[in-house]
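Consider the single chain below, provided in structure tokens and representing the form predicted on its own.
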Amino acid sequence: MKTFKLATALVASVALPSVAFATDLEVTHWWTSGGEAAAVAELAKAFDASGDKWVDGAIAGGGGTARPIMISRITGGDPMGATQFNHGQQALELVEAGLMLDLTDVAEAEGWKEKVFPQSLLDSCTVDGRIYCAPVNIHSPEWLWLSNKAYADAGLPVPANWNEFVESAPQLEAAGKIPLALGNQPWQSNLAFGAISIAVAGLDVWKEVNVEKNMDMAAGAEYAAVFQAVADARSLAAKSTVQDWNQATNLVITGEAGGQIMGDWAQGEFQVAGQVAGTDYTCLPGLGLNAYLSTGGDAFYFPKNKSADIEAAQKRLAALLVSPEAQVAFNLKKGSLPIRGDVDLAAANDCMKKGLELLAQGNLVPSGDMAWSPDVQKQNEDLLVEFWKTDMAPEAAHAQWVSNLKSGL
């Protein structure tokens, strides 16, 4: 079993040998919130310190906005030096089309197979035995973030799980609070559904449906209960009118909302706001019901380029992203978990330590991005947006969801 070293010292920057020729490398990503910008700045600082130059190509609006732009540039012959995608199948067609740089030589030289944990992260970068991306973090969406201030204002104890959270909603509303903060970006309602699925149906049922592709289980009582729970959550978020996920997080930070279902990247926003885990806010992995993490996250791919200098710089950046120093500096700011188990995380906060413990215990499930094709994911994203924003009956949404899954078999 992998364990994580929580020692007393922290190396905060990367110090790599200087390169013979400094090269500008455009890096596109969708990290634009306060916490995200602070995290990506650590990668840029490390790359610049190594002798090359990180040319930042941030695209606002989240992955749903950024990915089509990135893909269009790559397929249109205007490739960037490096680009962010999530672990899974998002870049598979680009790899299969021969548009992505093969990083197998870098991975072998740096010993990624021995260092990257869990193995599924590197597997998601591998096509036909060759490695095409550098994973940089583990992000899990199954978290409930609670405002200690909102509950204090309402004269209530902070809930210990999702069921208590739902029960507290009427009293929160009576105190003028929004029970559940939820932004209007489509991926947010999809994320909330996934988190509620594992919390309510449980890990074994989730695996039967998403790994074993058991459609009888998908259509059964366990997921009927999930859709009813989402319908309950829908009413709790009715007065949440913000757009972006970090705006919803800010409602929790300021005590205007009781809680938010969001990935562990929300920690970056709490950190920028100067809030302390366990004091100002409470975090519940698995919504406090089933404490598991899904091993999604972010990776960088490197579109092929005709310049030998660019290709050399791409491989230097790939190696740097997986280095222990970059892993520590970036993930402490991002709120995510590192992709290797031999790094020093003495500075981890209370919530990050909860995640590290679950990771070390192996309480993991594969990301939905790894389980279903982009087409199936998009169909269900559209369905869940409609479900969250209308009065669609849980039974109707459940039936359509199962139909969408079957289309991907």
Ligand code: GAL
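One rule holds for the numbers: they count along the sequence shown, beginning at 1. From a predicted model like this one, the values you see are computed outputs, not experimental measurements.
Although it is not shown, the form predicted together with the named molecule is what the next lines describe.
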item	value
Partner-facing stretch of 193-201, 78-86, 166-174, 302-310, counted where any non-hydrogen atom is within 4.5 angstroms of the named molecule in the model of the complex	78-86
Interface residue in the model of the complex among P179, G268, G297, P285, criterion: non-hydrogen atom within 4.5 angstroms of the named molecule	G297
Answer option from W245, F117, F227, Y292, heavy atom within 4.5 Å of the named molecule in the model of the complex	W245
4.5 Å heavy atom contact, E36 and the named molecule in the model of the complex	yes
Interface membership of W31, the named molecule in the model of the complex, 4.5 Å heavy atom rule	yes
4.5 Å heavy atom contact, K333 and the named molecule in the model of the complex	no
In the model of the complex, Y223 touching the named molecule (heavy atom, 4.5 Å)	no
Partner contacts in the model of the complex for 169-190 (non-hydrogen atom within 4.5 angstroms of the named molecule)	W187
